[in-house]
Structure formats: C-alpha cells, structure tokens
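Below you'll find only one chain, the form predicted on its own, shown as structure tokens.
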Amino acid sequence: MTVLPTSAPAEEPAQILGKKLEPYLLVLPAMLILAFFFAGPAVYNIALAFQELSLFDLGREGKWVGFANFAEVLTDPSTGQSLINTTLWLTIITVVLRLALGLGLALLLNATVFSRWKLGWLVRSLILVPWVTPPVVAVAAWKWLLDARYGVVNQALMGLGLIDQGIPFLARTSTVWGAIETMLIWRELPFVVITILAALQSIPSELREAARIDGANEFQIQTRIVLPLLKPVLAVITLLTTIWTFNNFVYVWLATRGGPGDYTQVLATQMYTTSFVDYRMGAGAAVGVVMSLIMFAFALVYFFVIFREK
C-alpha cells in the first residue's frame, strides 16, 4: 500500500502578513532610537533655521521668517572667510597630511623588522597615546607647549639660537593656523595609521611573494599591488576624516576662539558664536544647515567619483 505524502496546510493571510512584517518589527526599536536621537534634533534644527528666535525664548514658538536667515548667512562676508578657513586650512590641509603621514607610518609599522624584534605591540601602543587623550587635554597641553614665555617649543628654539624671544604661535596670523593644524593632526593621526595598518595586514603575503618571483622591486609592489588594494580603505578614511574635520569645533574654539580677531573663525565656531554669544538661534541653525548641505553634496560627489567604476 503506497502512502502519499501529506501537503503542508495552507498559511492564513494573517500568518503571511506577519512573516513579511517580522523583519521590520525586529529593527523598529533601533529605528525609533535613531529617529529620537538623530532625526529629531536634525528636523528641529531645520525648523529653527526658518525662525527668528532668541536663546532666551527657547521652548516658545519663534517668528517664521522664511529664508531670511539663510539669505543673511550667505550674504555675510564673514561666512565666506569662515568657509575658506573651514575648507582649506582646517580640512583639506589636515586631511591630506594625515593621509600621507598615516600611510607612511602604517607601511613602516607593517615592516617585518618590528615583528622580528617583537616590538610591534610597543610601537602600536605608543601610536595610540594621542588618540586616547581627550581633545580638551590635548589642546591644553599644546597651548602650554607653544606658550611664548614658558613653552617648551620656544625654550628649545631659543636654546638652539634660532630665535631671540618667544613666538606667540596662537596670537600671530602667520603661525596660528600651523599651530592649530599641528594639534589636530597629532591628536587624530592614530585613527588613520591603525586603520591603514589593519588593511595592510589583511593583504595576503602570497601576492607580494609572487610579485617578487616575477621580478618586481619593492617600489613596484607598493604602487601596483598594495596601493590599489588599499583604495577602498583610503576612500572611507578620506570621507570620514573630511566630514569629522569640516564639522569640528573643539580645536579652533579651545585654541583661539576664532582669533586673533576673526582670523581663524570657521563655520562651526561661527554657528556657536551666532547662537550662544549673539543669542540668535535661528541664524545659528541656518549656519548648521548650510554645513550639513555642503557635507551631503561632498559625500555624493565623492562616492560618485571614487566608486563610479563599480
């Protein structure tokens, strides 16, 4: 007697709907948390940018002024100078230097000499010291190092006979940006080094050995094998460091508060000054929206240029 296989009972429409909704219900708590902590403040900031509202009137409804805050911000000559400072002096120069120094240090740390002498763990630990230092502490330490009267840097330069009196690095327009960039690069460089080093160590050693057998020298191995394989990692590092630096407020504010005068004013410090010194929350929010739009446009263009081959 042949036993016919029994077919599974048909699912009810409610069961089918439940299976379709299950993935969305699982991620719903995380999405609600993200909406509360990220999307909520962003939407509130955008709404604030279209209002005229004093810091002392927060919690009340402001006066809707349309695009007046954006028109004021975009036609203000100080915004143009802040944009140049943010883009060129704060972002482009420090990102390029961090990538160049980070790549060089990562290649050096990846050399076999450190593992042969069992010094790899020590060097990596020392590299991380600046990164585990809070930015506030790092800026305070560098301000002391660069002090015109008691700073170690000026004492060393005078000891070597290079200068006759201390240089106020953070008060001169000719040296202030170099001092700020030194603080920022010193503090943020380890992230670039460690990320590139991890990518280097994920490259199979067989590729290098095969290239050496084929007659390639070390320069050709680095430029034709290693660097192309690092391209995705370098792209992500460039994007992240650019966004973080463009929006950075800590280094400039703690080092100079935008001075001397407004010489080092950047968009982040302009937004803070407008909102919490001039008490004009609407205009300050408009500066924040402009910064977000610039970074959003940069990210779109960057991904299109870098990943268009894919």
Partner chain sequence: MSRDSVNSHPIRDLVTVVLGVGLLLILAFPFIWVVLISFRPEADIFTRTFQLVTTFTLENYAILLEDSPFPTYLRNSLVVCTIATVVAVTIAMITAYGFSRNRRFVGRQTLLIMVIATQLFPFVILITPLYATFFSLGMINNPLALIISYIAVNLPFCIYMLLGYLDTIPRDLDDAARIDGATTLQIIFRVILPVAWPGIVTVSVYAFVSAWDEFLFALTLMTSDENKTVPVGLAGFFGEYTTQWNLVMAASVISTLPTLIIFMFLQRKLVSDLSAGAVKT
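Residue numbers count along the first chain shown, from 1. These figures come from a predicted structure and were not determined experimentally. C-alpha atoms forming the largest set that superposes within 1.5 Å between two forms make up the rigid core.
As for the form predicted in complex with the partner chain, it is not shown, yet the points below apply to it.
The candidate stretches are 172-180, 220-228, 146-154, 70-78, and the one lying within 4.5 Å of the partner chain in the predicted bound form by heavy atoms is 146-154. Contact annotation: residue 263 falls outside 4.5 Å of the partner chain in the predicted bound form, judged by heavy atom distances. When the partner chain is considered in the predicted bound form, residue 31 lines it closely, a heavy atom lying within 4.5 Å.
Taking the partner from the other structure, the partner chain in the predicted bound form has no heavy atom within 4.5 Å of any heavy atom of residue 165. The partner chain in the predicted bound form comes within 4.5 Å of a heavy atom belonging to residue 105. Out of the listed residues 84, 97, 216, 128, 128 is the one that sits within 4.5 Å of the partner chain in the predicted bound form by at least one heavy atom. Only one of 200, 239, 93, 211 comes within 4.5 Å of the partner chain in the predicted bound form through a heavy atom, and that residue is 239. Shown without its partner, the chain has 249, 250, 253, 254, 257, 268, 271, 272, 275, 276, 281 in segment 248-282 as residues with a non-hydrogen atom within 4.5 angstroms of the partner chain in the predicted bound form. With the core held fixed between the shown form and the other one, residue 243 has its Cα displaced by under 2 Å. Annotation for residue 29: C-alpha shift of 2 angstroms or more between the shown form and the other one, rigid core superposed. Once both forms are overlaid on the rigid core, the distance between the two CA positions of residue 17 between the shown form and the other one is 2 angstroms or more.
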